[in-house]
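First, one chain by itself in structure tokens, the form predicted on its own.
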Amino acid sequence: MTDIDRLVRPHLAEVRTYGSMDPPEVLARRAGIPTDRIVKLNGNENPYGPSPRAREAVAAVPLHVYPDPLQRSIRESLSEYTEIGPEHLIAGAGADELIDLVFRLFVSPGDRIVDCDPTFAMYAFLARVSDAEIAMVPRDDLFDVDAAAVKHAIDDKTKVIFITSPNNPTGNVTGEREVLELLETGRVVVVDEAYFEFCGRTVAGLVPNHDNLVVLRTLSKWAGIAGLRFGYGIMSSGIARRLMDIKQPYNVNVAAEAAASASLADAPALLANVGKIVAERERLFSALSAMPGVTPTPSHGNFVLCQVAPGTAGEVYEDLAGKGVFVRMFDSPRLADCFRVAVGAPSDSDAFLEALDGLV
């Protein structure tokens, strides 16, 4: 027998994995209730689901044909939606794939990235997989990016700076001034705008004049097609060409491409649902603000970060799960007393609030 472990790259032998979520059926078994009775608020998923046009497009797509490796049609559709030329666009199997491609293009073993804690854990996870160093710069007391501290953390090995805006899980937006300040370092600056549609604030307009800016977005949240995995990036044509060169040739499957194209064509209806989610976010935030023992953080995403009494977050999480309500916990020390709740339909919020009442 071959000792496979001996052949594994040393830094991957015991790599710390990404903390992903269990599917609904597993959560239901854990709570001991039917799947249709759980309240799943741990994934920032869209409670209204996809466009009917997307469902029809997926049903009609020829599954026996490979997708276009050059993504011509979907890049044109994205160009119409973003009002940015297709030469600046690339699609991926979720924005996560594009983050991975950024690592493949720019980061060698031993190189460094700058991350801003607390934030989306994917950047640090892929840095570990890439055998890269991580300069973890704390966000300030309001969870804003400390541009001066980020610049101080840069050294000769630093290749990429990652910023999420609105930040996941805190919901705050990084301003254009801070992004411009980081672009001046000459490093690649990746601004992950997965929740752009929920706030309407973007730095994509800086792309034409900044070759080192990469803006990432997704259709998982606002368009409700998380299960199909479709994201895209906005960047200089030079970076876009290089990412196209190194991606898997058929990286976006035909069902995801068809659903994405149909969703973009039906954007007004989907954005109306976004409006409902934003309104529900504000209602949820107000209710949480009025609940003793809970401190919610103002959010520009489709989620709200909640702080509870020190040492009680884990117990609150387990008690909620026992009632069939699932929220999101994090391993960042800054968030030890926090959990994140996604904004669902009003009935989801009501069930969550009822389950939370009395636990804090």
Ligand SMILES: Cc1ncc(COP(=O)(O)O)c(C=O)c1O
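Predicted model only: the values in this text are computed from it and were never measured. Residues carry their position along the shown sequence, with the first being 1.
A second form of this protein, the form predicted in complex with the ligand, is not displayed here; the remarks below concern that form.
What is the one choice in 151, 210, 139, 229 with a heavy atom within 4.5 Å of the ligand in the predicted complex? It is 229 that has a heavy atom within 4.5 Å of the partner.
Going by heavy atom distances of 4.5 angstroms or less, which of 164, 71, 77, 170 would be at the interface with the ligand in the predicted complex? Residue within 4.5 Å of the partner: 164.
Is the ligand in the predicted complex close enough to 123, 218 and 221 that every residue in that trio has a heavy atom within 4.5 angstroms of it? Verified in the predicted complex; spot residues all in contact, yes.
With the partner left out here, check for me: in the predicted complex, does some heavy atom of residue 96 sit within 4.5 Å of the ligand? Because a heavy atom of residue 96 falls inside 4.5 Å of the ligand in the predicted complex, the answer is yes.
Could you confirm whether residue 195 comes within 4.5 Å of the ligand in the predicted complex, counting heavy atoms only? So residue 195 counts as contacting the ligand.
Heavy atoms, 4.5 Å, the ligand in the predicted complex: which of 153 to 161, 87 to 95, 249 to 257, 176 to 184 makes the cut? Say which one. Stretch 87 to 95 is the one.
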